[in-house]
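Only one chain comes next, encoded as structure tokens, the form predicted alone.
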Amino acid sequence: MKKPASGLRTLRAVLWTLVAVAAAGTLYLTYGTGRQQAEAGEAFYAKPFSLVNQDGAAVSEASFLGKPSAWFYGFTHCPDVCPTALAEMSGILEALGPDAEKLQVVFVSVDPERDTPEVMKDYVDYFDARITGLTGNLDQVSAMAKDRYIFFEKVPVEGGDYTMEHQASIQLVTSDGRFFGTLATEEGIDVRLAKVRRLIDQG
């Protein structure tokens, strides 16, 4: 017996709701667990890593200790989240005025397959030459991300291409490598700027 069209629509709506709930649960387990593991005051940014910057120079954790920093993890082919985050960090650097010299802003590629140092240089320079871009091989980036509770994953798309799912928040770090907090995309610019100023004041 053929079901009424309205019944099919209802069934379809219920199924999509279940899919959305399942997806939300997955995101919570993936991102929420990472956030719970990151405790303010923990010095996980002092753990060793080895990458290269946008000029091809080798860098390690020691290269970024001694000054507070803001870290974002993404990829240059990102259509919206990454360019938005970097543009907003450029705006925060402008708003800080001379105090911008007291903060390091670092963009780490989670797509080292495509993001060579040359690609990273063009990308970060487009937003703000004061932003440092880091890349490396996949093993190096994966080890670093794991130590810093950063999630990322390569996801195939139609046509044989791929995109990268990744954590979207910016992590704030004290001068001695301790986790200070995050800047979230849903926060207003005034809230984020106040957090950055507190980070700079506390070192």
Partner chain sequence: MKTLLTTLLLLGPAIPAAAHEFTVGDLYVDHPMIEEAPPNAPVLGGYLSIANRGGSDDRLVAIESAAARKVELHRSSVTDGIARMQQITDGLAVPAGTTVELGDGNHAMFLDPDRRYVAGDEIGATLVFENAGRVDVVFEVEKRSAESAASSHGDHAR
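Numbering follows the first chain given and starts at 1. Just so it is clear, the model here is predicted, and its values are computed rather than measured.
The following text describes the form predicted in complex with the partner chain, which does not appear among the structures shown.
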Listed range touching the partner chain, judged in the predicted complex by heavy atoms within 4.5 Å, from 60-68, 153-161, 139-147, 46-54: 153-161
The partner chain in the predicted complex: contacted by all of 79, 84 and 189, heavy atom 4.5 Å: yes
Residue 42, heavy atom within 4.5 angstroms of the partner chain in the predicted complex: no
The partner chain contact in the predicted complex: residue 99, any heavy atom under 4.5 Å: no
Distance check, residue 165 to the partner chain in the predicted complex, heavy atom within 4.5 Å: yes
4.5 Å heavy atom contact, residue 174 and the partner chain in the predicted complex: no
Sequence-ordered list of residues in 115-132 near the partner chain in the predicted complex, where near means a heavy atom within 4.5 Å: 122, 123, 126, 127
